[in-house]
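This document starts with one chain, in the form predicted on its own, laid out as structure tokens.
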């Protein structure tokens, strides 16, 4: 029995809400852990106590964030068994491996060195503690790597095959799963976004201290590190986003078409729709302002390859669904007689489109005799929410270029020793604090909404993957998550605000660090340290 549409929708909402909430903590963990490594490296080289204080203070805020991230991340993995049982059964052989490695390798590595980071300052040598800090940052990145390998496989399944004997996807080449180009591109793009988030956090809080004329030397040094690291990271996000766009056009053409609101196939090289108004009822994008050639160059890296529009891709989906019906019919024959070699041959020829045939199960249990009208409806199901993707992508991209401008300005002002004199800039930096999280969240929406109606691209439709649950049970669990996560959010905000207001001077009682002194102009960049 298939889960009802209400159950599928509520299961998606529950997982989406918990994932979005968890992802509030992940980028800051990635960014701050590396900034801690940079700051402690400077302390190791210069032996100036102020850099130790910087590492400890930002490390305290890092620790609060990690604790909340762990509490919210564990529940996500439980949902694969509770809300997505058929998904776990169908692809668990592949999907479970990277998640298991993440838990055994990355999570334990990160957890172990978090303890050593906080309690090892007076028990380890400076060099040993520096190694601990960088291993902590490495553990955070490893954790992201294995999770994104699992997610990348959902976007571009490779290294696996469908076994009609077990009715499951099974692993055939773990190397291909690990080095899946989509997963690797998602990894570097995501951790770069995390670096931007950590840099913005340090930049904004440093701006707050400078606006209050507190901890001036501390804030200036923190701002300098954040500006340099943030600028490099923001530039990386844009460059690596271009790589993700190129791979998406190779493997998820419908996602690109929906992001651009491109209904008709444009002559190569296709123009980029800068702004417009997608109208899903009329199947058109009104008031479109287009930049010639840009989309073709980004998505295909050529002047001659077209970027296909939604209409042509729906036509292709229609043909693939018809082919999938042939594969499904052969599969039914093999379920009755596993030794039917003729049916096995037919399945092997048409198996690539079996997932498209499964799209029809939303409308009929007799897939083998689906009518043209049902095939047409299933073909249009392959179009994700165009309006959501169109605007989410533009918010993400616009913020990405804003970050480059902001960090570039911050870097220029810090090397010219002029940041403290420009209160307008300090206010802009402080008020920009929530923007990286907004960019990360809408980026997640682009990645996951753009994959619909698939939970595994081209292989398993989302509506088939959900568990058969009672609607009232889902409402109860969603209510519980909302209450629990809201409580955690209040605790997180309270602790962060408390320790930011206290500042490093109240927490670590530094003496003779000059934290509250306004320093005279320095003669060289070296003396700044």
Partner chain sequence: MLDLECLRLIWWVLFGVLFIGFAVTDGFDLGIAALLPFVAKNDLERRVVLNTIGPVWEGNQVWIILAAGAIFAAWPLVYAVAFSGLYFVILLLLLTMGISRPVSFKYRSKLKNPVWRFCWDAAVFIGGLVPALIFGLLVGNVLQGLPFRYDEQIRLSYEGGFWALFNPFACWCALTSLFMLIMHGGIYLALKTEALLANRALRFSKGAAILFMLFFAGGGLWAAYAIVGYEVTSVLSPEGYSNPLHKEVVKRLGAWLLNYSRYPFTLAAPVLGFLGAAAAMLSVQGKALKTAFLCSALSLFGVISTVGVSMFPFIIPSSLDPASSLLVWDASSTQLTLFLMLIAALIFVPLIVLYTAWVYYVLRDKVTAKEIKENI
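Positions refer to the first chain, counted from 1. All of these numbers come straight from a predicted model, not from anything done at the bench.
Not on display, but discussed next: the form predicted in complex with the partner chain.
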Review point. Which of 113, 444, 308, 229 has a heavy atom within 4.5 Å of the partner chain in the model of the complex?
Key: 113
Study note, to complete from the structure: The one residue among 173, 364, 371, 251 placing a heavy atom within 4.5 Å of the partner chain in the model of the complex is 173
Review point. The partner chain isn't shown here, but in the model of the complex, which of 74 to 82, 447 to 455, 389 to 397, 310 to 318 has heavy atoms within 4.5 Å of it?
Key: 74 to 82
Review point. Non-hydrogen atoms within 4.5 angstroms of the partner chain in the model of the complex: do 281, 413 and 435 all have one?
Key: no
Point to revise | Proximity of residue 108 to the partner chain in the model of the complex, heavy atoms at 4.5 Å | key: yes
Check your understanding: Any of the heavy atoms of residue 302 lying within 4.5 Å of the partner chain in the model of the complex?
Key -> no
Check your understanding: residue 49 near the partner chain in the model of the complex, any heavy atom under 4.5 Å?
Key -> no
Exercise for review: Answer yes if any heavy atom of residue 421 is within 4.5 Å of a heavy atom of the partner chain in the model of the complex; otherwise answer no.
Suggested key: no
Review point. Which residues within 269 to 293 place at least one heavy atom within 4.5 Å of the partner chain in the model of the complex?
Key: none
